[in-house]
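Given as structure tokens, the chain that follows is alone and in the form predicted alone.
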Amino acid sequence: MRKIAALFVGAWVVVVAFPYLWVLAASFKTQKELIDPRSFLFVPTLDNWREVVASGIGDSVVSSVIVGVATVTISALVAVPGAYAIARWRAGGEVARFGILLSEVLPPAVLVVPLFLFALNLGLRDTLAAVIASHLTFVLPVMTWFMVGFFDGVPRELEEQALVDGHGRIGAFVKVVLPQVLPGIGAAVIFGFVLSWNDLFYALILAGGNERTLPVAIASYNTFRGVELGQMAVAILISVVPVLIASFVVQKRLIRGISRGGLKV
């Protein structure tokens, strides 16, 4: 049975890892080798990497980081107290609890038109501010809904005990409730950052020129001459690797935070 289980696990790893390995190999192939399905053996070349680096993709990476960090920071500042109010005080009732996800139901095309006109009238067209505002429409609701579940898991008795010990309502929230949900905040922030990092639709329409983000830069390799597969593969690796590293680092911290269990006031 162990051998069969190991076989299934190995097959699963191969299936999951294959796209990453293909993209990695494609980044070192020439365009001719990429369009030839028989080219399993090839001489690695760094031409694709040189061309992508020379194209200024670093600016797009910086833009994506700025947009992602700004989006999750604003979202966290609003989502944490908002989720606490919904979970602890039932603010807005059940309508608010599930209605916050209404923007996730709407197609992005419905929201992009008013967002585009809003940015145009304020002179924010082709700026990162417009992209950040658009990302808040889907990151903020998800992070709020995500945090409601964590606040629901904090026993009321802990907060009541803090009040008995002399802490005010805000003090009890900061010293008791907030430390208990820090792993959840970390998970929500990473999830929100990934959503912002991967967005192409809003970024392309609102800032597809000088302030383009990384997904827009990746899409630009689909040219009128055809798809520059090698260069696109390099750009995809640049986009995926940081997210994978951050996910593994944060995962360890989340498990460590959740496993602490006890809470000191």
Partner chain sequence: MASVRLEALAKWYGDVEAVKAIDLVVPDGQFTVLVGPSGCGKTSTLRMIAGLEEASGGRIFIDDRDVTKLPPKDRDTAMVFQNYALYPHMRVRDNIAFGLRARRVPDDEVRRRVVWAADLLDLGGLLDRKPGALSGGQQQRVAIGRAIVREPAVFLFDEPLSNLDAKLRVEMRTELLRIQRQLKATVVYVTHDQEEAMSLSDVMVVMREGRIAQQGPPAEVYARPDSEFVGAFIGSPAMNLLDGTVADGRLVAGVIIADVAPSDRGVVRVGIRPEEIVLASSIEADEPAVTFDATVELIEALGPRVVLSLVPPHGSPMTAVIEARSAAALREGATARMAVRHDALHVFPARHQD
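Nothing here was measured: the structure is a model prediction, and the numbers come from that model. Numbering follows the first chain given and starts at 1.
There is also a form predicted in complex with its partner chain; it is not shown, and the following applies to it.
Checking 129, 158, 74, 122 for any heavy atom within 4.5 Å of its partner chain in the predicted bound form turns up a single hit: 158. Its partner chain is not drawn, but in the predicted bound form it has no heavy atom within 4.5 Å of residue 187. In the predicted bound form, residue 163 approaches its partner chain with a heavy atom inside 4.5 Å. With a 4.5 Å cutoff on heavy atoms, residue 142 does not count as touching its partner chain in the predicted bound form; it lies far away. In the predicted bound form, its partner chain stays beyond 4.5 Å of every heavy atom belonging to residue 99. In the predicted bound form, the residues of 164 to 184 lying within 4.5 Å of its partner chain by at least one heavy atom are, in order, 164, 165, 166, 167, 168, 175, 176, 179, 180.
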